[in-house]
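Shown below, as structure tokens, is a lone chain in the form predicted alone; questions about how it binds or moves come after it.
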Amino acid sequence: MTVLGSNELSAAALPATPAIRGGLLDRFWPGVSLAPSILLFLILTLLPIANLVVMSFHDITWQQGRATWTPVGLRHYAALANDPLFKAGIGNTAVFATVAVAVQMLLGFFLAVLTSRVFHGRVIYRTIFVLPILVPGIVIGAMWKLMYNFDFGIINQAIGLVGMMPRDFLGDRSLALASVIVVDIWHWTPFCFLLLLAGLESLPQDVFEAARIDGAGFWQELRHIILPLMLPTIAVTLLFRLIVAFKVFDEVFLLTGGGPGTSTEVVSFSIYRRFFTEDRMGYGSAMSVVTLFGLALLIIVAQGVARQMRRT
């Protein structure tokens, strides 16, 4: 039986302690360091949502600076099914998001592919393409409202040069939503362009070099290399833009105010009316909750589709 001396016991025991401590620290430190930020995020996110849900089951009135909460159960949610503004808002928002985002993705991808193949003056081109997203919303509303003006707008002046009659783009029910969609396309295409360009420039160049050696042309590269490799980036960009498009408010508020009639009524503007114009906070909360869960469902479905696209 071998008996270790005190020095040998110390030498055998001491090195294990720092290693164990280091392993535990490396294992738990990321979670510990992120915990305060996650906790703050949950508080700032879940508490307002919980308050919104509670408000949706009450009628809230103000008397002498105090809020009176009257329970109404599911009455607000039942009333949503017969609300013409809410129905119009859902329909217009779906059309707006589908058309605007589809065009923005196509234009953004087209500009990204072209810009990625330009070597001289690429900084100038990128700066020009990004300019619309830098313009404040209030400036966009004023600028496009002047451009759409029936009497002296530059668009009506331009179509008058080719013999066409001027059109009331923001006052005609058949043109108002399309006119707002055009503004949104102009404003948000740079966002899609930037994300898709970043994805294009991160693709491995050796794949393209091998394809060119094999004699592949541009359309073959686009179909068999660029599109398959870009699918994750396209899915993320599409998801981001759909979420923002479903929350559109400023362009409708500044250009048409939801009119004429309900032709440009969107969900966000309907909620704004209920909260700040009609002072129906409980009913507006119910609309907000339904919209919130609708967006959450959209995100879940989009993530599932994106996951499936990555597997294929």
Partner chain sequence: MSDGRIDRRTALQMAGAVATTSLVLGTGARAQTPRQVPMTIVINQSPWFDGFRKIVELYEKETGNKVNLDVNPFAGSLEKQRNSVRAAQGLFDLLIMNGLFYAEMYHGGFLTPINDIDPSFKLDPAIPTFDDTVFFDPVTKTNSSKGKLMSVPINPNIPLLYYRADLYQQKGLKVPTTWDELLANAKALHNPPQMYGIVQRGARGPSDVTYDWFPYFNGFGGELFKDEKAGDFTVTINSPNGKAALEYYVRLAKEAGHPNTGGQAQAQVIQNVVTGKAAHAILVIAAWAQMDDPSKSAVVGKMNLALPPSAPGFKPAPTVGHWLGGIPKNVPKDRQQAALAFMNWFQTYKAQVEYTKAGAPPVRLDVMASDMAKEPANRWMKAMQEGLPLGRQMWTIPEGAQIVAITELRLNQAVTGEMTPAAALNACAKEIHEVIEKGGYKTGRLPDLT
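Positions refer to the first chain, counted from 1. As the structure is a computational prediction, the values presented were derived from the model and not from experiment.
The same protein has a further form, the form predicted in complex with the partner chain, not shown here; the description that follows concerns it.
Using a 4.5 Å cutoff between non-hydrogen atoms, Arg173 counts as a contact of the partner chain in the predicted complex.
The shortest heavy atom separation between Glu278 and the partner chain in the predicted complex is within 4.5 Å. Shown alone here, Glu201 lies farther than 4.5 Å from the partner chain in the predicted complex, counting heavy atoms only. Contact check for Tyr272: a heavy atom falls within 4.5 Å of the partner chain in the predicted complex.
Just one listed stretch, out of 240-248, 43-51, 28-36, 61-69, contacts the partner chain in the predicted complex at the 4.5 Å heavy atom level, and that stretch is 61-69. This chain is drawn without the partner chain; in the predicted complex, the residue among Lys87, His187, Lys145, Arg126 with a heavy atom within 4.5 Å of it is Lys145.
Using a 4.5 Å cut-off on any heavy atom, the residues of 144-162 that reach the partner chain in the predicted complex are, in sequence order, Lys145, Asn149, Phe150, Asp151, Phe152.
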